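A lone chain, given as structure tokens: the form predicted alone.
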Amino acid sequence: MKRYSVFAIAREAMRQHSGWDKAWASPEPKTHYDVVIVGAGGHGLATAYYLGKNFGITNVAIIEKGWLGGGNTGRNTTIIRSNYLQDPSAAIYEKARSLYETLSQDLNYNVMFSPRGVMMLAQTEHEIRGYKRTAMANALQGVETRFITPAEVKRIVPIMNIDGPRYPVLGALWQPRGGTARHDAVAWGYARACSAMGMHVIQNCEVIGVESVGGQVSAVATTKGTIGCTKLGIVVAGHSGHLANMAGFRLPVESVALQAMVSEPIKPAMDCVVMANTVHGYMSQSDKGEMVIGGGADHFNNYTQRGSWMHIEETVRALIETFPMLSRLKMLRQWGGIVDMTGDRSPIISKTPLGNTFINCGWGTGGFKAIPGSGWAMAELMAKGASPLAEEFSMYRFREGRFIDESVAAGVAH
């Protein structure tokens, strides 16, 4: 793999960019791999990358039923933060945030990480108490956050109306090292690095069955034939329950659609991420000038990747109270992603009842921000059989009553 650099750009400019290699190869699958990972989104690709980088395991296939990054990785609002209340959550999200800071250098691919800061508005007295509690927990966890006043909120985001008619801004939980990254670039960067290590990224290859011998996984049946494996990783977000059924076990997850939209591009208006959880809307401005807007998940189970007019109205109505300027913008496009929700709104990174089969799912609406930390933990679990970052996120915690409740503690799961 040729390294990307300013010198490479200059060299290729002199020969009409004819010497660039493909970012990743598209090989035909082999008959057997040491590890097969189902799902070539951010989490699956990160798992493969850290298996190679940290443990030297490179006989790996990452199988994707569609195109690389065509699922939730390319259908989110790119928010990165780690200011969670519960210790296990803060640990894995802070690991991810810290890895994001050097990810472009590690992958030799610009993921456009922008530590612009994430602000979570307190618009009720209850939220003030909750966010102050979170700030104190974050201090103990080594996560840099602080509670700021309405005046500081207005100074950071001048376009905000802090004297809203229903919910005035009473303060905010501020994480200055949070921010955004380019979602597609994260998937592409990991895929390129995996391919350079000799791993196979196999697209348009749907898994239609999981085979086992003596209680141990032996192969996956796909639309491109049967592929043998010693270990299997299931990392398929909203389709986790479907794959788990193929492997012979049931997951405590539900799949719903989460929608987002972007406005027409405008001149720079805000340089941080703002989340208004009381009215349930969040927004940032992309590098192209679009206002990236998201809200809540659907209230019913579904597998759609379309949006709905109900959520457009609900989300925009909520944000216009705090950002009146939005009322004059035109919507450019809208999309939906299929997210898998657990009962406590925390993920599952776990061994499964099928031997040598591991699953990474249940990230709900907060998966993008966790990609590097999730991949790190999943790779360690698959390679060593245990991971300190993944220990508390076992799928068996639900029957044992060891919940990691982030549904209320984090204000919102995004």
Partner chain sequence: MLLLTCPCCGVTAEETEFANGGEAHLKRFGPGSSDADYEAYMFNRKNPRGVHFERWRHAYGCGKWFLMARDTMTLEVYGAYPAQTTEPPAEIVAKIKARRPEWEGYK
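Positions refer to the first chain, counted from 1. Note that this is a predicted model, so its numbers are computed, not measured.
Although it is not shown, the form predicted in complex with its partner chain is what the next lines describe.
Not displayed here, its partner chain is kept clear of S218 by more than 4.5 Å at the level of heavy atoms in the model of the complex.
Its partner chain is not shown here, and in the model of the complex it never comes within 4.5 Å of any heavy atom of K231.
Taking the partner from elsewhere, N302 is found to have a heavy atom lying within 4.5 Å of its partner chain in the model of the complex. At the 4.5 Å threshold, heavy atoms of N72 stay clear of its partner chain in the model of the complex, well away from it. Taking L251, V210, I202, A193 one by one, only a single residue has any non-hydrogen atom within 4.5 Å of its partner chain in the model of the complex, and it is L251. Contact annotation for 188 to 207: a single residue, E206, has a non-hydrogen atom within 4.5 angstroms of its partner chain in the model of the complex.
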